[in-house]
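For reference, the chain that follows is the form predicted on its own, supplied as structure tokens.
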């Protein structure tokens, strides 16, 4: 295997596999593809990963749809959400059983990495995008070169008989299989998910800053994104002020984001402004959205609008025709990470699914509604008592 590692890397995502062919004497723990097994030696990586959306990729919102799809269509979804060969479905019965199991064990893994716990005995698909998805092929472990080194190829060591090192693990192309859809999925000329191409067109690509630079800093397996308020806030410059025309303005700059903000069609970011009088009564409201909004029609997927912020772009949101009694304008930036999915789940529930499917979709909708958060708030004092009408 070691001699042919280049060819394996060249086809790394063609048909992901995590077989346990013995190329050397592995222990029972090493043969175990569960992330809890990996945690026995890689505790810090497991502790980061278990909080990430990768660990939750085998999600109730997706699995709840499988009963109406059949196991083959369900396995197509797993090509990104749980892509190992051992994670795919081989029958409808197996798929339907998985719905019941997910209701009983929603975490998918034992968070304390206890291999004797019931969660550790779940089918591997319940662990979502787990360690083996990225690091195991044909019975061999793969990963980035050791820190401080660019050396590739077989790195000898006692554990696993060594590992194959490749710089691909620190490059955006490694993420593209799931985070860059092909042009055949284009809507209005842009693929449904276009994140890697957006990065390629940004300055970050030219500067050699890859996906991993932000989403896996210092090789941490947290994979933070728009669901994390602190992570998102640090990526943006936001301020409020009176512009040169004495109009309250919010300015937002995409400073540390190497793709559209928000990327994909799922999230929406809303900017709201409220004019208040001396008593704090709301006199006027304004709203702007940053979103890529798509919908499905008879002729296929259509794009309604794309108002997202591009990398390094600065945009201003200015109120006008301010009420005479306004003394202050309050600005808020609200992030709705799962805006698109909320609509999907609501539509699915209108079709009256039954049993486990209904419960899982209801759980997904409830969770999506809890993910909204206030990213920023700021106010501008209106000095003048007279305003244009």
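Numbering follows the first chain given and starts at 1. What you see is a predicted model, and the numbers here were worked out from it, not measured in a lab.
Note that the form predicted together with heme C isn't included here; everything after this is about it.
> Among 88 to 96, 273 to 281, 227 to 235, 315 to 323, which stretch has residues whose heavy atoms lie within 4.5 Å of heme C in the predicted complex?
Replying inline: Selected range: 227 to 235.
> Is there a heavy atom of residue 143 lying 4.5 Å or less from a heavy atom of heme C in the predicted complex?
Replying inline: Taking the distances in the predicted complex, the answer for residue 143 is yes, it comes within 4.5 Å of heme C.
>> Can you work out whether residue 259 and heme C are in contact in the predicted complex, taking contact to mean some heavy atom pair no more than 4.5 Å apart?
In response: Output for residue 259 is yes: heavy atoms within 4.5 Å of heme C.
> Applying a 4.5 Å heavy atom distance criterion, does residue 157 contact heme C in the predicted complex?
Replying inline: Contact check for residue 157: yes, within 4.5 Å of heme C in the predicted complex.
>> in the predicted complex, does residue 37 come within 4.5 Å of heme C, counting heavy atoms only?
In response: Residue 37: contacts heme C in the predicted complex.
> Quick one: of 69, 349, 327, 359, which gets a non-hydrogen atom within 4.5 angstroms of heme C in the predicted complex?
Replying inline: By the 4.5 Å criterion, the partner-contacting residue is 69.
>> Suppose contact means any heavy atom within 4.5 Å; which members of 59 to 81 contact heme C in the predicted complex?
In response: Going through 59 to 81 in order - heavy atoms within 4.5 Å of heme C in the predicted complex - the hits are 59, 61, 62, 65, 69, 76, 77, 79, 80, 81.
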